[in-house]
Ligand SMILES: C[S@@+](CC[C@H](N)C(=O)[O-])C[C@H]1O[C@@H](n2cnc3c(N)ncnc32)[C@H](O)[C@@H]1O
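First, one chain by itself: the form predicted alone, in C-alpha cells.
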Amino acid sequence: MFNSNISLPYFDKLLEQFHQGDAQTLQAFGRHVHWGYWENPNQTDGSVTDFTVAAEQLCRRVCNAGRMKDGDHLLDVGCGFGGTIASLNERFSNMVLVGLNIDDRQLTRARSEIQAKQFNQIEFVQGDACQLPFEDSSFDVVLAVECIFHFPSRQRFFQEAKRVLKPGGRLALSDFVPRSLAYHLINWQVMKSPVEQTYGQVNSRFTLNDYRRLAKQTGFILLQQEDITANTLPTYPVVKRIFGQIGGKTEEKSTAQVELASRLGLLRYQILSFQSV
C-alpha cells in the first residue's frame, strides 16, 4: 500500500494520466521519469519521441558511471517504474536486478511491465532508501538516478549503500547540485513552494564539496564527476509542456524555476560515481 506520509504530486498526476490512457504522457514517462541527455543539445526537435530517446541516454550514462558488467548484483534505489532495470535487463545478462521504491504504486507498474530475460533475475521491493531491507555486502552496484533529493538524509543513504555493497562496490547517482555561490544569488525559499507543490519534498542544497565530504565520512572515494547540465537543457520545454497540460500553472512555474537556475549556472546536473573502500 502507498505510504500516505510520502508526497509525490507529480507521480500522482502521471499515474492518473496513465489510467486515463493519455498516450503522450505514457510515451514520455511510462519507462523513465527523469531528465534527458542530448549529446548535441542543439540538435533536438522538441518532440516527445526525441525526449524518450534522450531519457534512455541519460539512464545509460548513469549506468556507465556505475561500471557494471554481466553477472553483477545491482540495486536501483528510487527505481520509479523500473526503466533503469528494464534498460539493464535488455543489455546485460546473468544479473540480479533489484529495484527499490517507497511508493508501491510505482512498483506495481514496474512488475507488470518488465519480464526478466538473458538469464537475469528481477525483483521489485517496497522500502526506504535510508533503511535498506537487504543484508550486508549484497550488491556490486547501487544506483540512484535523479531521486536522491527526495531522500530524508543523503548521509543515511550513503551509510546504507556502503553497508549493502560488497568491498570495492560502486555507487552511481545523478543529482541537481548547486554551485556554492548559489546560496548568495538565489532565493531558495521563493523556489521552494511551487517546486514542492509539483515534485514533493526536494533538497537541492547539497554542493559538490558536500558530496566529497560525505564520501570521505562514509567510506567512499569519488571516482567520477561529470557536469552534464548543458546536455539536459532540452528537457525543460518538453516537461513544461506536458506538466502544463496535465497539471497547470503551478507545474509549469516550478519546472521553469529549475530551468532558470540551471541556465544561469546556479544549479548543475551532475553524474557522480563512488567506490566503497
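Bear in mind that the values here come from a model prediction, so they are computed numbers and not experimental data. Each residue number is its position in the shown sequence, starting from 1.
What comes next is about the form predicted in complex with the named molecule, which does not appear here.
Contact annotation for G127: at least one heavy atom lies within 4.5 Å of the named molecule in the predicted complex. Although the partner is absent here, L8 is a contact residue: one of its heavy atoms lies within 4.5 angstroms of the named molecule in the predicted complex.
Heavy atoms of I102 reach within 4.5 Å of the named molecule in the predicted complex, making it an interface residue. When contacts are judged by a 4.5 Å heavy atom cut-off, P152 counts as touching the named molecule in the predicted complex. Within 4.5 Å of the named molecule in the predicted complex, a heavy atom is found for not a single one of P178, R205 and A261. None of 89-97, 114-122, 158-166, 141-149 except one has non-hydrogen atoms within 4.5 angstroms of the named molecule in the predicted complex; the exception is 141-149.
Proximity to the named molecule in the predicted complex, taken as a non-hydrogen atom within 4.5 angstroms, holds for one residue of V48, V33, I228, A215, which is V33.
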